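Take a look at this one chain, the form predicted on its own, written out in structure tokens.
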């Protein structure tokens, strides 16, 4: 009975839907326009940042605002190893390097700061973004005497497929972690950290490792994103917007299910693209109203709203069926 339930509802239908979406994405460059490829690449980037943030902050309850720091490290790895004068290392190698450097930084930062809780951790992680940004500015102005760097041009289809590969790997990692004992330990930390420690969970180790895993994907996405920008400087690479957008996208979509942050990132990234194109002077104001409305009226995100509506429909159906049986 449990096997049938797992096969039909828990895996088969979501698996088929995921497979259809993946096939559509893989074949997009063959039937979609260049604009569609570039737009979907941007959406995939935001999905990676959002799901990576949820991978750590969702189950543990720690509000990290360090996304821009790890993403920016990946961008600068691309600027160093993929200059416009010619690649020093192959693109895929640089993607791995950017992810590993971000992960190592996250290990160090996490080991020092993940004993902090609540607002203190959030403030420190955002301070990390500002610190790295200012260090980057100081280094370029004082040491290298430069203002930004040009990155090697890469074909849009190549950028798209590498970003898609990072997305698929991230989703598989998130799925496996959520259904492992490690994921159970993370959720226990989020529910009651003291109780988790008392039952034998190595709380600090679990938090630090998860923090580093999420940073890896942020850094890897930053590397390939830089090749789309072609020019980067500290203000571009460590833009604080990249720390706040994933949080808002995750809240909008809902963090209860693995697909909630994906839906939130898709809608918000598409909305941002359209508003920025059609209303360049007012899009931030409109975007702000949408964000406030989502936070006020969708506390559980879109997924929570859909689940509530589905429960109401089921109750209505059961009530209708009960009345029909009573009449007969």
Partner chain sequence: MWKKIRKYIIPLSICLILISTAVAGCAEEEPAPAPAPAPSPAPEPEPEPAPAPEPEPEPEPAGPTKNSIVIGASRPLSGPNAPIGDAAFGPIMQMWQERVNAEGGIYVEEYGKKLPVEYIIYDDATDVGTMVRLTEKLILEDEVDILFSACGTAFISAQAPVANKYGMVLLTAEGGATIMRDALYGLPYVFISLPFSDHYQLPVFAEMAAAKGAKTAYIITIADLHGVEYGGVAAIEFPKYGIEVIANKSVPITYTDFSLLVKDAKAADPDLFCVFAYPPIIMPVTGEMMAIGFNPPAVLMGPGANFGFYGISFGGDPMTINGVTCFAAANEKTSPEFAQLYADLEALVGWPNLDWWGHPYYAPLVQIWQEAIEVTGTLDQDVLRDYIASNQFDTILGNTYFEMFGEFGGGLMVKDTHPGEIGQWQDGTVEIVGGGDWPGVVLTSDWVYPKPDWPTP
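What we label the rigid core is the largest C-alpha set whose atoms superpose within 1.5 Å from one form to the other. Remember, predicted model here, so these are calculated numbers, not experimental data. Residue numbers count along the first chain shown, from 1.
Just so you know, the form predicted together with the partner chain exists too; it's not on screen, but the next bit is about it.
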query: Contact stretch among 208-216, 221-229, 69-77, 98-106 - heavy atom within 4.5 Å of the partner chain in the predicted complex; finding: 221-229
query: Residue 256, heavy atom within 4.5 angstroms of the partner chain in the predicted complex; finding: no
query: The partner chain contact at residue 309 in the predicted complex, heavy atom, 4.5 Å; finding: yes
query: Contact label in the predicted complex: residue 154 to the partner chain, heavy atom within 4.5 Å; finding: yes
query: In the predicted complex, residue 173 touching the partner chain (heavy atom, 4.5 Å); finding: no
query: Residues in 126-165 with any heavy atom within 4.5 Å of the partner chain in the predicted complex; finding: 134, 137, 141, 146, 147, 148, 149, 150, 153, 154, 156
query: Residue 279: Cα shift of 2 Å or greater between this form and the one not shown (core-aligned); finding: yes
